[in-house]
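Heads up, the chain below is alone and in the form predicted on its own; it's given as structure tokens.
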């Protein structure tokens, strides 16, 4: 029987190491040491580094999407609903910075398999549906959904990194201004 607590320790160790060393600089030995388990035990849980990274990526994406849509009311008008999801994503990335960095590195890495990428795409379907709704209601630009999502998430990612690395506080006023900049860029 595999222990859920060990999975959690392994995943926390990977997140910490990726933030320090990056994906490529991390070894299974590093992971086992950081997690406080034997390297052999780590191989009981994961066949190799690629399998571990894919499992953690999938878990992080699933959690991220669930948090993004937490307390979202699909019956609400589009803009307040979009703002709610946008704020959820922003807060989550700020509060889980190591996970955010891990996900960002994974998106651009050869470690993530086609199957894992497909699962991530499926998990993102609610966000694509939200964008489609905004376009159908003629509230946001009628351009490629991927382009809109890249802009929305890309600008948010840079904001998260700026806040984290500068140590600046993200006030409600600054959050509101940042959302307004995003909205002004995508609105029809």
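Positions refer to the first chain, counted from 1. Keep in mind the model is a prediction, meaning the values are calculated, not measured.
The form predicted in complex with a further copy of the same chain is left out here; the points below concern that form.
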item: Close approach of residue 105 to a further copy of the same chain in the model of the complex, 4.5 Å, heavy atom; value: yes
item: Residue contact check: residue 147 to a further copy of the same chain in the model of the complex, 4.5 Å heavy atom; value: yes
item: 4.5 Å heavy atom contact, residue 174 and a further copy of the same chain in the model of the complex; value: yes
item: Distance check, residue 58 to a further copy of the same chain in the model of the complex, heavy atom within 4.5 Å; value: no
item: One stretch from 119-127, 150-158, 31-39, 50-58 that, in the model of the complex, holds residues within 4.5 Å of a further copy of the same chain by heavy atom; value: 150-158
item: Candidate site 101, 180 and 184: all three near a further copy of the same chain in the model of the complex by heavy atom within 4.5 Å; value: yes
item: Stretch 50-68: residues contacting a further copy of the same chain in the model of the complex, 4.5 Å heavy atom cut-off; value: none
